[in-house]
Ligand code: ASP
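In the block that follows, a single chain appears as structure tokens, in the form predicted on its own.
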Amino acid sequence: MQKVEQLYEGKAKKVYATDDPALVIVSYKDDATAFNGLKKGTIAGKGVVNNRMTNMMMRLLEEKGVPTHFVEELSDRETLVKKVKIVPLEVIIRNVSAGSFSKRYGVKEGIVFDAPTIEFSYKNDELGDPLLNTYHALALKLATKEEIALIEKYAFTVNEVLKEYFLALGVKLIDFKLEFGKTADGTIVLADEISPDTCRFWDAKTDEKLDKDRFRRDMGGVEDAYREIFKRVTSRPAN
């Protein structure tokens, strides 16, 4: 599969057209950003970790009935995926209080919820990705009622599958962000990535953070954390 032209460059990835209009190549970068791009840096090796780990998770989720955009891993940093139009809803699932949830509601980090929570935010960098509810999403015509219901169903399935998977690796899945896209025929599929950039991972015994929070909070050991979570994932293949 040949790259034809670069279509897009975001904070963490580049996307290239191919000679098949239904497929694109995603290339993962080592660039890191936080706080809507206000903080910038580099995490050495991040692109490799995020690419390969995402692909393993996508394959696992496909087996569990969640359709994804994944097609084929091309190299350590590049993957062939279905071309989708991203639904402008970021979906956040939370199992434990942390990050913006703790800050917003004035609760300490580490409170385990009786049931997972779900949040939507409007995927719009200029507006700072504001939170919204289903009624707002419908009013803005970001998705239909049926599409939102399907996205919620898939998101909770992703949570159950990944929670069990990571716990077996000695890791607690605290929370994570998902994005979904629509293929040319309108099918909703899981897109974007599943990685330490988009998930909070805590060691199950020590609560040590193994994710991007180490970069956000200047905790140090960022590359080591990414390598550690990747080592655990590759020690127990998802399929």
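Note that residue numbering follows the sequence shown and begins at 1. Just so it is clear, the model here is predicted, and its values are computed rather than measured.
Beyond what is shown, the protein has a form predicted together with this ligand; the following relates to that form.
S.K.: Among G170, G41, G37, G65, which has at least one heavy atom within 4.5 Å of this ligand in the predicted bound form?
M.R.: Of the candidates G170, G41, G37, G65, G37 is the one lying within 4.5 Å of this ligand in the predicted bound form.
S.K.: For the spot marked by H69, K83 and T183, is every residue within 4.5 Å of this ligand in the predicted bound form through some heavy atom?
M.R.: None of them does, since no heavy atom lies within 4.5 Å of the partner.
S.K.: In the predicted bound form, does T33 have a heavy atom within 4.5 Å of this ligand?
M.R.: Although this ligand is absent here, T33 would touch it in the predicted bound form, with heavy atoms inside 4.5 Å.
S.K.: Would R227 sit within 4.5 Å of this ligand in the predicted bound form, counting heavy atoms only?
M.R.: Although this ligand is absent here, R227 would stay clear of it in the predicted bound form, with no heavy atoms inside 4.5 Å.
S.K.: Taking the shortest heavy atom distance, is K212 within 4.5 Å of this ligand in the predicted bound form?
M.R.: Because a heavy atom of K212 falls inside 4.5 Å of this ligand in the predicted bound form, the answer is yes.
S.K.: Does this ligand get within 4.5 angstroms of any non-hydrogen atom of K11 in the predicted bound form?
M.R.: Flag for K11 set to yes.
S.K.: What residues of 195-223, in sequence order, lie within 4.5 Å of this ligand in the predicted bound form by heavy atom?
M.R.: Heavy-atom contacts within 4.5 Å come from D197, K212, R216.
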